[in-house]
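Next comes just one chain, in structure tokens: the form predicted on its own.
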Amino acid sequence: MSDETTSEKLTELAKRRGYFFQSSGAYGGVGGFYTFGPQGAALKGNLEDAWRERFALGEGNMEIDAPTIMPEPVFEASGHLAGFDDMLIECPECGTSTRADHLVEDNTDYEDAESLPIPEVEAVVAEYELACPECGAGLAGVAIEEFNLMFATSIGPGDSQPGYLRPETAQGIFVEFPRLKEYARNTLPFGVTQIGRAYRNEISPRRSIIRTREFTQAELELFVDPADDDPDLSAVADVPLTLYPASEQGADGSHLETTVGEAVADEVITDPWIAYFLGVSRTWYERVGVDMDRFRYRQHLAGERAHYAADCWDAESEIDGNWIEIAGFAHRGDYDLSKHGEHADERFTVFQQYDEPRTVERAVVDPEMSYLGPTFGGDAGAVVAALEELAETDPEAFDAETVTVAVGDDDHEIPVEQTGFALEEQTEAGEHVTPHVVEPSFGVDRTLYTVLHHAYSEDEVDGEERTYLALEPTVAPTFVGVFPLQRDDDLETEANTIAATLRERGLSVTYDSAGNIGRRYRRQDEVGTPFCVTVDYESLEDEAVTVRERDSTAQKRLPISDLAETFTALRSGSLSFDELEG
């Protein structure tokens, strides 16, 4: 074994074997942008299909495909324009911009500097005398600024409308909620998924495809009734979890080995929906090839948790001794739908019909316009709207002789007798509910990197060192390699026929006749192909072929007529290679 890290070896393999490489290399490359080659694109597609199968189809959720560019008002409502920032520190000598929290994490014992306020990060930079990673100049005393990560663009020509590339796929779901709820027949809970590109203008993209400026997310937004909807935990109660709760995150912190059911009962995980999706996702991650000995769920510290999230946990994988986030699980409350409801012209609520009509007391206003019109002029309509909202949210405000409402930057005082305030009994068939949102959000690129990193293996076969990717058959980009033993017309004809038959069954097949058979095996091992089929001269007589399994290099003789059915079962996981006779 060399002194290179697995990540360094994987980066070289990924470029050589067509998994991923930096984009625009002919023009010097651009930091934070990567192209997925033939193998990488296929692996990425297989991971997306596996995610869709489990979290969309498996959970009975809808899927949409929203635009990647959205108008500015969307991000004003969501809060991204005002608060989607990272900490930037700029070297006064060479001008290099660096993420200050990354600088601290890379050079100190602080693990989650992102959760610290800027003054504390500035103090750490000074205390440890941190320097610019590019030129080595000291950064103590340099001010840290907030840098918005949104990519701005213009929609249309001339005096165009400002827009932004979406920083997450979630907003495309939230803004379409008024229509999506109709597709769900106004029945809660219902979920909407989306797999697509997102964009963040990272200050310092790094570590290959782990932190990039363009990436793919797979997100589920589950809309639930906060009063009535709870998950059925029975299906995941016994799923084992490795947890890293906030209470354990310190110098001597340790992981907690438990189950979903125990974690909820012990109130380690306080939100049952988050517990449910941790259980579902843990099983899914294991299925696609994440090493469970190098996997955990870490709870957000109070300082890093979004202000609207009651609780949040990240799925993390270990890469060369470091933990990276590969998914987040948050209960977002009604923040998103309420914000869009305030800014847009649509209702972001669901009408929930009662089993029986109810008589309730409601506060209403019927303002005297002969007073409001002359008094407030053009603001009269806004004053009426403000009075109606105040009557609904705080009817006790009308107990005094006057009531005050805000319109824009101005406060207006109105005599209560002019508002027409009253309490009325009303019969209602139901109520409008603002759903709460439960969000599992997966980073597809980071999951792909984790799967490759955890699959990277080295051993020795027949006295030679071998590198191979122990990818799960369900996601491997190439499932089977088909080889004629030698370049011979009869062998090649039979091998091509077998390859065509397997492709017709929906299997990813590569055909290779170049070089000796050992080198062809090594090529496919390095790509991660689970099985290879070799057609030899005996095959022309006994109509059987040699099937080789990648990890063990074991070989079995199987009838050609059984190959399609056998490989289909091997790919689905309903059959293992050890169970084959041959």
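Source: prediction; values computed, not measured. All residue numbers are counted from 1 along the displayed sequence. In this text, rigid core is short for the largest set of C-alphas that superpose within 1.5 Å between two forms.
Absent from the display: the form predicted together with the RNA. The rest refers to it.
**Student:** Pick from 68, 553, 35, 61: which has a non-hydrogen atom within 4.5 Å of the RNA in the predicted bound form?
**Tutor:** When the RNA is considered in the predicted bound form, the option within 4.5 Å is 553.
**Student:** The RNA isn't shown here, but in the predicted bound form which of 331, 454, 211, 298 has a heavy atom within 4.5 Å of it?
**Tutor:** Here the answer is residue option 211.
**Student:** Work out which of the listed stretches, 262-270, 390-398, 502-510, 482-490, brings a heavy atom within 4.5 angstroms of the RNA in the predicted bound form.
**Tutor:** Stretch 482-490 is the one.
**Student:** Flag residue 521 as yes or no: does it have a non-hydrogen atom within 4.5 angstroms of any non-hydrogen atom of the RNA in the predicted bound form?
**Tutor:** Contact check for residue 521: yes, within 4.5 Å of the RNA in the predicted bound form.
**Student:** Given that the partner is absent here, does residue 39 sit within 4.5 Å of the RNA in the predicted bound form, heavy atoms only?
**Tutor:** So residue 39 does not count as contacting the RNA.
**Student:** Can residue 22 be called a contact residue for the RNA in the predicted bound form at 4.5 Å between heavy atoms?
**Tutor:** Yes, contact at 4.5 Å.
**Student:** Evaluate residue 45 for contact with the RNA in the predicted bound form, applying a 4.5 angstroms cut-off between non-hydrogen atoms, and reply yes or no.
**Tutor:** Looking in the predicted bound form, residue contacts with the RNA do not include residue 45, since no heavy atom lies within 4.5 Å.
**Student:** Output the sequence-ordered list of residues from 531-559 with at least one heavy atom within 4.5 Å of the RNA in the predicted bound form.
**Tutor:** Result: 534, 536, 537, 546, 548, 553, 555, 557.
**Student:** Rigid core aligned, does the Cα position of residue 349 differ by 2 Å or more between the shown form and the other one?
**Tutor:** Not so; residue 349 is displaced by less than 2 Å.
**Student:** Superposing on the rigid core, do we see a C-alpha displacement of 2 Å or more at residue 145 between the shown form and the other one?
**Tutor:** It does shift by 2 Å or more.
**Student:** Quick one: residue 154 and residue 145 C-alpha atoms, closer or farther in the predicted bound form compared with this form (3 angstroms or more)?
**Tutor:** Closer is correct, given that in the predicted bound form the C-alpha spacing of residue 154 to residue 145 is reduced by at least 3 Å.
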